[in-house]
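Taking the form predicted alone, here's one chain by itself in structure tokens.
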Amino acid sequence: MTKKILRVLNGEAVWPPPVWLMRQAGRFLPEYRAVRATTSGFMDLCTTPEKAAEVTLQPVRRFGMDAAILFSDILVLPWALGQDLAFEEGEGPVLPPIRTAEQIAALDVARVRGAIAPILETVRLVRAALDEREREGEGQATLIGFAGSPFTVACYMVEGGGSKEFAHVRAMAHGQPELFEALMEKIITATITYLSAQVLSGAEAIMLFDSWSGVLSPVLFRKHVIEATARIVSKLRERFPRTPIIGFPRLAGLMLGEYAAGTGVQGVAIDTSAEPGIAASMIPADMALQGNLDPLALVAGGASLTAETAAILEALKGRPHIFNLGHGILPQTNPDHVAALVAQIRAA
């Protein structure tokens, strides 16, 4: 039997819907924290295949999730291109800002294949473990590979870290379009290389995270989110026509329909702010919709979690749907709340 998530991404309405959660391998799990304590830092964990594979598999073992998403980070790509990257405790990612033609020219697409070798080994290890679980009758989980979408990756590369407004990257896109497009071209090329390698190593589906697409005007959204994503999707579909792709244009709002129609993805993930029924009306009836529980409802648990979950299930029943959060799971989440969520979905 084809795995549930692959059936949904092929346009089938499966009931109850399959479920996995963004950032499901993370600090809310004590077993994750135990592995993390054995490493010298976040990037050490990401680039140590045996440990990265272990934390990828933990939520599948504990909760019976329908997918395992590769444990890594969207900023592996700029790191692979040669941009320095550090994760500071309490501060998040820190990179030297890239804002000149010379800095963009120094980014080396040719070094990506070698740099990502440990990530690809993690993919192989996880796929082998999932296949073994399936042979042993312990469930079917789809292995999802991923990358950041080019605009969101560019946000961090230009700003030098996180930001509320991403003013520098937006100013570059508006005021220095040729410079920004040169950066985007390198990111797009490297992303195609990175995701192709993940599929060849065993990923069964791909997800593109455009976490900051919502900061753009409609004109720039069309160019740097829709067109950039469409280029990646087209190349991957050409090489791997049976590998579905999920796009997550966070905070896309009224641009969601254009994104679904223009990118070529097989599934669209929606953020917490999206009304599921309205979002569903904006995309084709046979296109998968993924989402979109509020991560804070999962933190709260109890009656609020039950009601929010029921509302999403009811709104999207009868169409292809993958239950997920509207953003990543929060570190303070009680694992028992995740177990209760999965139980409610399974019993729907």
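Given the structure is predicted, the values throughout are model-derived calculations rather than measurements. Residues carry their position along the shown sequence, with the first being 1.
We do not show the form predicted together with a small molecule, though everything after this point is about it.
Stretch-level contact check against the small molecule in the predicted bound form with heavy atoms at 4.5 Å: of 301-309, 315-323, 287-295, 62-70, the positive one is 62-70. Site annotation in the predicted bound form: the residue of L75, L120, M255, V112 reaching within 4.5 Å of the small molecule with a heavy atom is L75.
Residue contact check for Y156: one or more of its heavy atoms lie within 4.5 Å of the small molecule in the predicted bound form. Within this chain, W79 is remote from the site of the small molecule in the predicted bound form, having no heavy atom within 4.5 Å.
Put simply, A25 is close to the small molecule in the predicted bound form: some heavy atom of it is within 4.5 Å. The small molecule is not drawn, but in the predicted bound form it has no heavy atom within 4.5 Å of P97.
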